[in-house]
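Below sits a lone chain in structure tokens, taken as the form predicted alone.
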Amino acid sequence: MSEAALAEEAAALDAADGLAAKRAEFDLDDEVVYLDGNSLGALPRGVAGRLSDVVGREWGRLGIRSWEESGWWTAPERVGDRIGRLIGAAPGQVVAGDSTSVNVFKAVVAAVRLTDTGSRDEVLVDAATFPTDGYIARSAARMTGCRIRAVDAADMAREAGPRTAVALVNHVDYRTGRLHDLPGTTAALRAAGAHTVWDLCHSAGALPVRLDADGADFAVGCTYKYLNGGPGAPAFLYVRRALQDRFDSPLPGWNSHADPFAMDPAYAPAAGAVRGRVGTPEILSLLALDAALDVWDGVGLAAVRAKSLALTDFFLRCVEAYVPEGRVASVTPEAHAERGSQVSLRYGAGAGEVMAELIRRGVVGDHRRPDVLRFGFTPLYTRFADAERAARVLGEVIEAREAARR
């Protein structure tokens, strides 16, 4: 198709987009195509005012009274329940706080402790996992007397055996955007007598997740990507309700004590999701996240998923039209059932320079070494016109590089 035809199609798709009005709720530069929401989501407009009130009134005027009067003390569970709606978790199973790395550690160690470690001494980890998950899993395995075994996420179901205590799996691969089978893998691990810990960093807010319905045991995730919580925003931890009374956290902080202000030297864990807390909540960033989640009011995940797939399909068509044949290859699955909300293109040597030039020209994606160009599509604010422009500029950059070599 011609450039004019693709631009016309993008305009028509944007005009018919049921989520189009959501873009106005974000502070975005219309001169820039922002396709890095899978690393850091855009700023929702309501966050600045909310933080100003938290700092000026709740902290500045009320001071310590805000722990009760402003609801600071219960914020981890309140915000956790708001996230829970977006990942298919009923209230009382998600707590917001700490980092993804810390929550991975809690979940993996707790999962091992839930099993008969006399015979189950194996921790499976996604071989292509985001590095921190692998680092934490290896440390957790050493501390619990387990061995670590790296396997492909697609093979987790058949690799689990009588020695497997827990499998740590990424729902969406951060490099390729491949979506893995959460319900099938979870069911297979449970049938094998093992537990699952799912990393939802690249799926929470990007596509429907059904933790309760699919029987997940534990899940963790960050909130600064598709949930737009801001840089370093608190992560979340999901613990299935049926496991909560046996959830033995390796980080039993005072905030997860049944009576924290008793200052009892003996630890007695609180009931429910509170047991996932550790230390004093990070109130400023937690309440920024709370405000950011307002953009999800009235939004259905089915509509988000439909737009995500339409955006990525359209982008791939535009890439095919604009980029010289054979210069890039998509490593993101074509099948919708296996695709997250990003497109990763393998370019080869010079991929970093290509991305730097794209950013200089106002198309912001990111580069994953050695040769992957990564573009994240956030349905709440990404337009089809953005997808068309990004592919067109990508083609121009690659053509200019090749012309310079001749």
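All of these numbers come straight from a predicted model, not from anything done at the bench. Start at 1 with the first residue shown and count on from there.
The same protein also has a form predicted in complex with another copy of the chain, omitted here; what follows describes it.
Counting only non-hydrogen atoms and a 4.5 Å threshold, tell me whether Val33, Pro208 and Tyr226 all contact another copy of the chain in the predicted complex. Checking in the predicted complex: none of Val33, Pro208 and Tyr226 is within 4.5 Å of another copy of the chain.
Of the residues Ser330, Thr115, Gln244, Ser101, which one places a heavy atom within 4.5 Å of another copy of the chain in the predicted complex? Exactly one listed residue reaches within 4.5 Å, namely Ser101.
In the predicted complex, Gly230 touching another copy of the chain (heavy atom, 4.5 Å): Gly230: yes, in contact with another copy of the chain in the predicted complex.
Another copy of the chain contact in the predicted complex: His257, any heavy atom under 4.5 Å: His257: yes, in contact with another copy of the chain in the predicted complex.
Counting only non-hydrogen atoms and a 4.5 angstroms cut-off, does Pro379 reach another copy of the chain in the predicted complex? Close contact is absent here: in the predicted complex, Pro379 is far from another copy of the chain, nothing within 4.5 Å, heavy atoms only.
Spell out, yes or no, whether the shortest heavy atom distance between Arg368 and another copy of the chain in the predicted complex is within 4.5 Å. Yes - in the predicted complex, heavy atoms of Arg368 and another copy of the chain come within 4.5 Å of each other.
Of 320-328, 104-112, 179-187, 152-160, which is the one stretch near another copy of the chain in the predicted complex, taking non-hydrogen atoms within 4.5 angstroms as near? Among the candidates, contact is made by 104-112.
What residues in 127-162 sit within 4.5 Å of another copy of the chain in the predicted complex, counting heavy atoms only? The stretch 127-162, when checked against another copy of the chain in the predicted complex, contributes Phe130, Pro131, Thr132, Tyr135, Ile136, Ser139, Arg142, Met143, Thr144 at the 4.5 Å heavy-atom cut-off.
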